[in-house]
Ligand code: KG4
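Before any questions on binding or motion, here is one chain by itself as structure tokens, the form predicted on its own.
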Amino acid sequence: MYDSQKGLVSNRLYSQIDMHAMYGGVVPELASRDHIRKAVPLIRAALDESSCGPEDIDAVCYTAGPGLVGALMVGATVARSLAYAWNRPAVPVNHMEGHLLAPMLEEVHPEFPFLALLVSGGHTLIILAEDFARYKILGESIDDAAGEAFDKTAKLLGLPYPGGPLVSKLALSGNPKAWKFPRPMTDRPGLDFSFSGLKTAVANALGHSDASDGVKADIAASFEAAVSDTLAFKCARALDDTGLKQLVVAGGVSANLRIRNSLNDLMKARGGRMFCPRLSFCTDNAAMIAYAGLRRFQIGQRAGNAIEVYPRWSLEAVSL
């Protein structure tokens, strides 16, 4: 729950990692069914934590996309039902706008305009945020997103789900220069990304080595360095194109310390500043959706009568 004066007053999180780990990845049907079981208890807990009741609520905000349609429908249906029962407006929020605005939850945050790198399991985007609700996509992944590349590399290395953080942990004991993996699409103009080739490079490296623990650590470190260098290269190019001095880095992959440090060094060298949400707000969370929803509520946006979700909802589509 987010208050325009007090800020964040409650935030509850339930993780499905243990459930999906049994299957080596997200199972959409199980995810949706688990959402049904956990949504209402979490809302009750958030209300109790904030000592608020329905009479204190001005609007109910919810993620309307992009994402898995089943999970989105559960959230939208619960949110719209509460809004109807409490006689309050409902406000649909774009998931990626939530990530984009997550650094605004911090005491020190960027001011518009700024450049944003959104890196998650399903998206890698460079965004020009001219102002609130005025966004332009400058570059995006044309195949695997950075988070997907981490997860697929983890599987190749024999690491369990969720693999991305485990690749980073393994990389700590490896040599990032042991393998010369490609920095995809840095040899051509533009700001788009492609990480599918890195997965192939990792598979080839494993096929031509003894795959000992030491070799795997070197491969993990070299892979992580390739992703980090690619992201930094594209951000530097975008900063050159826009002339901006502020860079927001958000999304699940922004929790990666090598990537954070690399981009922070980039901004310091340019006399600029990088802004990241705290680690707990890098991955999907209600706090960022509440904040984005408040901003949408303040400019008068409301949901229509139909309960609609948008599994593929471009950030540019929510621009005013």
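Residue numbers run from 1 along the displayed sequence. It should be emphasised that the depicted structure is a prediction, and the values quoted were computed from it without experimental measurement.
The discussion below concerns the form predicted in complex with this ligand, not included here.
Of the candidates Ser120, Asn94, Thr153, Thr230, Ser120 is the one whose heavy atoms come within 4.5 Å of this ligand in the predicted bound form; the others do not. Among Gly75, Pro110, Gly174, Gly163, the residue placing a heavy atom within 4.5 Å of this ligand in the predicted bound form is Gly163. Contact with this ligand in the predicted bound form, defined as a heavy atom within 4.5 Å, is made by all three of Gly147, Val253 and Asp284. From the list 155-163, 132-140, 209-217, 178-186, the contact stretch for this ligand in the predicted bound form under a 4.5 Å heavy atom rule is 155-163. Proximity of Ser168 to this ligand in the predicted bound form: non-hydrogen atoms within 4.5 Å are present. In the predicted bound form, this ligand lies within 4.5 angstroms of a heavy atom of only one residue of 98-119, namely His99.
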